[in-house]
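Shown next as structure tokens: one chain only, the form predicted on its own.
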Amino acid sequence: MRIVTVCGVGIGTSAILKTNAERALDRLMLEADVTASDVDGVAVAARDAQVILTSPELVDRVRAAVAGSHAEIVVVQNYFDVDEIASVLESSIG
């Protein structure tokens, strides 16, 4: 399974979300390859992804960038809340 985390430039908040998504996956005892991307690169980065995690502010840009993709776009309100991330991942892939 592949998960892509997305922020505006792909080096700050997407990296935080990546780390916390990995922690959430550990809690759920699930395995996935998690990578970080910026919005401009998400179409390529998420080509074979099953889930894309992003913020409410970027969801429309991500949706437009990956139009036609089969990946589920999941909005995370708080990138630091591992419980929230675990909950949305469990709903999506659990």
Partner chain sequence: MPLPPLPDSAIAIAVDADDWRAAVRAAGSALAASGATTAAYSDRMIDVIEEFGAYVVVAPGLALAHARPGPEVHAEGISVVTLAHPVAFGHAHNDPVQVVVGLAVRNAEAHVASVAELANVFNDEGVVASIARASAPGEIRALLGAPDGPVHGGAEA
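Numbering follows the first chain given and starts at 1. For clarity, every value in this text was computed on a predicted model and none was experimentally measured.
There is also a form predicted together with the partner chain; it is not shown, and the following applies to it.
Q: Each of Gln50, Arg63 and Ser69 having a non-hydrogen atom within 4.5 Å of the partner chain in the model of the complex: is that the case here?
A: No, the whole trio is out of contact, none within 4.5 Å by any heavy atom.
Q: So, Glu57 and the partner chain: in the model of the complex, are they within 4.5 Å at any heavy atom pair?
A: Residue-level check for Glu57: yes, a contact with the partner chain.
Q: Is there a heavy atom of Ala45 lying 4.5 Å or less from a heavy atom of the partner chain in the model of the complex?
A: No, Ala45 sits far enough from the partner chain in the model of the complex that none of its heavy atoms falls within 4.5 Å.
Q: Test of understanding: in the model of the complex, would Ile3 fall inside 4.5 Å of the partner chain by heavy atoms?
A: Taking the distances in the model of the complex, the answer for Ile3 is no, it never comes within 4.5 Å of the partner chain.
Q: Would you mind checking 71 to 87 for residues with a heavy atom within 4.5 Å of the partner chain in the model of the complex?
A: Gln77, Asn78, Tyr79, Phe80, Val82 sit within 4.5 Å of the partner.
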